[in-house]
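Form predicted alone, single chain, as structure tokens, below.
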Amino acid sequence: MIKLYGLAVSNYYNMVKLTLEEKGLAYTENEISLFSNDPTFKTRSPMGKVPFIETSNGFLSETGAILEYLEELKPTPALLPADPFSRAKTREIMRIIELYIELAARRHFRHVFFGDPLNQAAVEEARLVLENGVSALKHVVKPGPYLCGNELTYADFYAYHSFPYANLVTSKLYGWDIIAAVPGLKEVLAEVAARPASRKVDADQQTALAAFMAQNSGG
């Protein structure tokens, strides 16, 4: 049985969890914080990041690598297209979302979600990256009903668990709804949200988020 480590408030953690649910793989959840004092943490996740998983062969970190492993471990239901070019295009979309949407917005997470001082230097830097990312997605996605067409893929997982957080950042800092900026994206996110696996993951996330916010606000 796979052991999943991390926090249910983490969007990357939930990408892995959603994959496990969609594929019907048996797993257990094990809460571990980025600030864990466990001396074995970096022997299991060398960069000290979550999520990571424990398998019968050992530990594996980095979300992209974990998803590739799970796809090979249980090829059906497939979450990458069978055609080599379509598969590569799906990965292209995943990278655009990760590098130019999620990571750019993440620079302001502590300001937006925890009230830390705004990094003024990053405001325009991040906006330029986000603008390029959104523009790129307009060229490569083909919604209907999912980002790559008719089949659910990992690209949908990346979008579903990246855009809502990123959109909170862009709405607050720039008055910019980046979900509305990508044609068809709102409908794709709604399609993913309606899936039974997503409803379970989302419910667990909301429970964890409420506890996390209470703890960090002193409540």
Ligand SMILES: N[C@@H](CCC(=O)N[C@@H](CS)C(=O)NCC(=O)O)C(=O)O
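Start at 1 with the first residue shown and count on from there. Small disclaimer: the values here were computed from a predicted structure and weren't measured.
Absent from the display: the form predicted together with the ligand. The rest refers to it.
At the 4.5 Å threshold, heavy atoms of residue 153 stay clear of the ligand in the model of the complex, well away from it. Taking the partner from the other structure, the ligand in the model of the complex has a heavy atom within 4.5 Å of a heavy atom of residue 50.
In the model of the complex, the ligand sits within 4.5 Å of a heavy atom of residue 106. Within 4.5 Å of any heavy atom of the ligand in the model of the complex lies no heavy atom of residue 71. The candidate stretches are 6-14, 193-201, 21-29, 206-214, and the one lying within 4.5 Å of the ligand in the model of the complex by heavy atoms is 6-14.
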